Structures are given as C-alpha cells and as structure tokens.
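A single chain comes next, written as structure tokens; it is the form predicted on its own.
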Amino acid sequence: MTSKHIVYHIPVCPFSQRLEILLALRGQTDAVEFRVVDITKPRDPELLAKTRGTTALPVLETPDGRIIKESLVILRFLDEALAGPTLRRGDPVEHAIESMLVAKEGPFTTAGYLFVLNQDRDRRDEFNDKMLSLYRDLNDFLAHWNPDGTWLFDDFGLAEAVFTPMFKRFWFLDYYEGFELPDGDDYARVRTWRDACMAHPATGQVSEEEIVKLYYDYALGAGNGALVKGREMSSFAFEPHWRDRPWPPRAKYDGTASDRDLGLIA
C-alpha cells in the first residue's frame, strides 16, 4: 500500500504528460507514483478490475483505492489536491475564460489524430484545412483575451498545460504530413502561444524524435498499439528503445517499412 496517488499511464501519452507538467510546475514531481502500462500487450486483469473493464489511460488510483478517470478530471483533481497554489486561475471570471479555451482542446485533438491516421492521400488537404481552421479559432480567442501577451493570461497556466502536450504530439503532423502554420495575422498570436508553450522548461518530458518514432504506426492508421498489416512489432514497443531505432520514412502513403527497417528487430 502506498500513501501516494498512483497514475497508470503510457509514458509517451499526451494526456499523462499534462499531469507531469502540472507536477513540474508545482515542484512536486515525486507527489505521484507513475506506473507504466505496455499497450502492445493485453491489459493486466488486476488493472482491468480496478477500472471496471475500461482500457483508456491514464487512470489515477487514490491511496484509499478509489479510481479517477479522464485526464482533464485527473488534472483538475491533482491541481486541487496538491498542497500549494493551484494552476487554475483563482478569479472566477478568469477561470471561466481559461475553461472556455480548454473546451476547445477536444475538437483540436480529434482533428490532429484523424489527420495523422488518415490513409487516403486524396483527403489530405481536407484534414489540413480542418487543422488550420482550428488554429485560426485559437488565434482569434487568444487575440481577443490577451492580444499583446504570450500566454492566455500572465503566465503558463491550466490552458497551457492542457494544450502543450497536443502541440508536441503534432510533431507527427509536421513530419508525416508536412503540416505547418502559414505566415500572417490569422496565425501570429497562436504561433506565439504554441512556441512559448513548447519551449517552457516544465514541458520537456518528450522529444520530437520520440514522438515521430513511436507514433509511426498511427501515421499508418494503427493506433493504441495495434499492429500494422504485414508487421509483427508495434512502433510503441518498449524494446528496442526508440533512441536505438532509425527515423521512420516520412512517406506514410506509400505503405509500411518493415520491422527490421524500423529497428524493431535487433
């Protein structure tokens, strides 16, 4: 039995990184025990019993055995449960404003993942345009509430902790889809925000190389540890370590590289 909260997670998961960012910002990285789950294997029956059969991660187990699900719920719970000032804004109106921005994360995340999972070359521009429209919406929101600033308010806060892991995961769009924000006023404010979020010292839990290598199978339409047709190893496999593998091919629409070419077989 541990006196700490336990988080069951995938190390590269953006929804787990939110929690790591919160702990780093609060100077309490040891306040939570993280337990790694290998998504390339069937879930441990003991963990499934705790989650009542659901497999989505992360999940948090309190010291008295209660289970809390959904990353935003866990994030808000830890923000309130940890000692010290909260990450969320204390002023009710400001908290409402940051909550409005956080509410935009779901469609943004969905669009990015649907984009990388897409296997129809002819639909690429459709997904690209959708992604750009969501960036323009974020740009408009930030330009309205803090036109000359860097963050939503005066510092890295709750909304930044929610969005930053997605900005970093979308390195897979840059690599596999050639995605980039155009120049111009429609993207200037959100570009400033995104770049500052990604450069913040509390957000360095993952690297572009790690994301690109581990998410290769997502680019081929196989998410959450599923196997790509013709392959025997998932790009999410723990071994060989991602640092020891070559960078995958960018040409996602041309079919998969072999397990050996991906460095998944030593």
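All figures in this text were calculated on a predicted structure; none of them were measured in a lab. Residue indices: 1-based, along the sequence shown.
There is also a form predicted in complex with a further copy of the same chain; it is not shown, and the following applies to it.
A residue is said to contact a partner when one of its heavy atoms sits within 4.5 Å of a partner heavy atom; S99 meets this definition for a further copy of the same chain in the predicted complex.
a further copy of the same chain is not shown here, but in the predicted complex it comes within 4.5 Å of a heavy atom of H144. Proximity of F77 to a further copy of the same chain in the predicted complex falls within the 4.5 Å heavy atom cutoff. In the predicted complex, G106 stays away from a further copy of the same chain, with no heavy atom inside 4.5 Å. Annotated contact segment (heavy atom within 4.5 Å of a further copy of the same chain in the predicted complex): 69-77, selected among 188-196, 155-163, 109-117, 69-77. Contact annotation for the candidate site: R52, R88 and P92 all lie close to a further copy of the same chain in the predicted complex (heavy atom within 4.5 Å). Taking a 4.5 Å heavy atom cutoff to a further copy of the same chain in the predicted complex, the contact residue among E180, D129, D183, D140 is D140.
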